[in-house]
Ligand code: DGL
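Given as structure tokens, the chain that follows is alone and in the form predicted alone.
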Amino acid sequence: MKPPKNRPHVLVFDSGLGGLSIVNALIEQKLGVDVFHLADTAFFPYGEKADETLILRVPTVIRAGIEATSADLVIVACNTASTLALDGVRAQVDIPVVGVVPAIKPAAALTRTGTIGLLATPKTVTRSYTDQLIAAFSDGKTVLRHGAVGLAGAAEAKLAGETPDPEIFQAAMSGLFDQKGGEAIDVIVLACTHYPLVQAELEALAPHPLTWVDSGAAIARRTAHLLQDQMDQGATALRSGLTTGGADEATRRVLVGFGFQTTQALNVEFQL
């Protein structure tokens, strides 16, 4: 049964639980909307899947999520999915779709040394879309990239109450600062929605004070703009967390602990 509706429904979609960093931003903005979170846990992590498969799967899962939640707007809270499948999603749904891409432009405005660190998944750092963002918005700055292995999984482990391997965080920071010119980095772009969830762990390993940039606040502002005539004056309400991974009790515990009222499994029919 679809949820009752008396104000806008926003669906936040991610391969796992990284979308919770975007949910945090929506809460901080106090948008008068109901929020649903859809985690495609049956296919996590996206960074290890073939691009061609994700281009087909992402719109399919999102369509199922929109149907289940009566969503008025969907946030594709995954850099991998956004850089690959955003156009495909928009072609297949009739509601606004907000994507999340590396925050190169604001980072370029904040750096004082002219050197920016881009921390992303191994595939995101090499995508042509990322190349285009850097060319368009870095304004002659130096952008040092590192594809962090296991960092999204470490964020998932932290959310589940586990202790991630500290070597994962060390490797992520070393991957940036050990590069030639890395000592000049003064701004780091967290180009995966999972990464703000472990910013404290990364920040503890920084060789000097840094400015950290992610897309959460900008996505919340864009959402408010698109729904400005529909929102009420109430605070953001967390309605339901959905997962595609069947009896995924660990994910459901995280979602309930985060504040979602209910959780449910979402059946998605997908064939290659």
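Numbers follow the displayed sequence, beginning with 1. Quick caveat, the model's predicted, so the values are computed rather than measured.
Only in words, not in the display: the form predicted in complex with this ligand, which the text now covers.
Student: Name the stretch, out of 189-197, 134-142, 159-167, 84-92, where some heavy atom lies within 4.5 Å of this ligand in the predicted complex.
Tutor: Checking each option against the 4.5 Å cut-off leaves 189-197.
Student: Select from the listed residues 216, 241, 47, 65 the one whose heavy atoms reach within 4.5 Å of this ligand in the predicted complex.
Tutor: Answer to the contact question: 47.
Student: Should residue 130 be classed as touching this ligand in the predicted complex when contacts are defined as heavy atoms within 4.5 Å?
Tutor: Outside the cut-off, so no.
Student: Can you tell me whether residue 111 touches this ligand? I mean in the predicted complex, with a 4.5 angstroms heavy atom cut-off.
Tutor: Taking the distances in the predicted complex, the answer for residue 111 is no, it never comes within 4.5 Å of this ligand.
Student: I'd like to know if residue 78 sits close to this ligand in the predicted complex, meaning any non-hydrogen atom pair within 4.5 angstroms.
Tutor: Result yes; residue 78 sits at the interface with this ligand in the predicted complex.
Student: In the predicted complex, do 14, 121 and 152 all put a heavy atom within 4.5 Å of this ligand?
Tutor: Checking in the predicted complex: 14, 121 and 152 are all within 4.5 Å of this ligand.
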